[in-house]
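Given as structure tokens, the chain that follows is alone and in the form predicted alone.
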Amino acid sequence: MKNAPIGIFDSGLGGLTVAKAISNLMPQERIIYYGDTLHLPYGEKSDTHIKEYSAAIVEYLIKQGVKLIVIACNSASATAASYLREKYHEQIEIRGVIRPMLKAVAQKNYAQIGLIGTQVTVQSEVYTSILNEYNPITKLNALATPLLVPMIEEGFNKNDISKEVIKEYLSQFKDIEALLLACTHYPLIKKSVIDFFENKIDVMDNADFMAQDVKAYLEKNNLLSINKEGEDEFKVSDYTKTFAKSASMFFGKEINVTEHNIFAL
């Protein structure tokens, strides 16, 4: 069981930033990543559909023999994490990307922070709810930023278009001490966000916090791999050459992406 892989899933590319952080922190761990590109973006889907898609992926990953499942998607974590944990708690541990970052944020005792994410994540108010559990003093201002995901996936995250879009969104925040990037795509624009705020506030994303949470769970349950057995696997429900190229950019190195549409079975 120790050398079983870690299952990670997202609606598409963004979760690869989490997979990258986990791989960097624990290179001895094997990863099976599933991107539901057939139904992306989850940020614009109904709660019912997100739960349905997520459950199908969880069942697929369980069949692959994973020892832990990471929901590397803020929209799915916000909407489906509790549902999935209740449904599969006897079979597998399932962890979302939201709590690890908020635990760290709560310890900072900020007066006011901002958040950018998808429509689903923001409307769920899950970040506000969980933050209040840990630190009811910190006020959180959340803003839906729907243009950022398609912009990043189209590779426009480093040109003048992206700078103007980011400026338009971030100009709406006043007097914040930190900004949470509540979408796993957003580490790719983290530098641009830091530059906009002239390095005067803290800018945080989910990836490293999630990786630390995974490591702590594996250590606590004596599940850390000793040696990596086999190669990482990266699968999608709908393969495109554009996705494959972008996937390597998100993961930080060349990876082999294959199509496996579990929804057509």
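Counting begins at 1, following the sequence as shown. Just so we're clear, the structure is a prediction, and the values are computed from it rather than from any experiment.
Omitted here: the form predicted together with D-glutamic acid (DGL). The next part is about that form.
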Though D-glutamic acid (DGL) is not shown, can you say which of V126, M101, V149, I189 has a heavy atom within 4.5 Å of it in the predicted complex? V149
Testing 197-205, 22-30, 218-226, 41-49 against D-glutamic acid (DGL) in the predicted complex with a 4.5 Å heavy atom criterion leaves exactly one stretch, namely 41-49
Answer with yes or no whether C183 is in contact with D-glutamic acid (DGL) in the predicted complex, where contact means some heavy atom within 4.5 Å. yes
D-glutamic acid (DGL) contact at T121 in the predicted complex, heavy atom, 4.5 Å: yes
Only counting heavy atoms and a 4.5 Å limit, does any residue of 53-80 reach D-glutamic acid (DGL) in the predicted complex, and if so which ones? C73, N74, S75
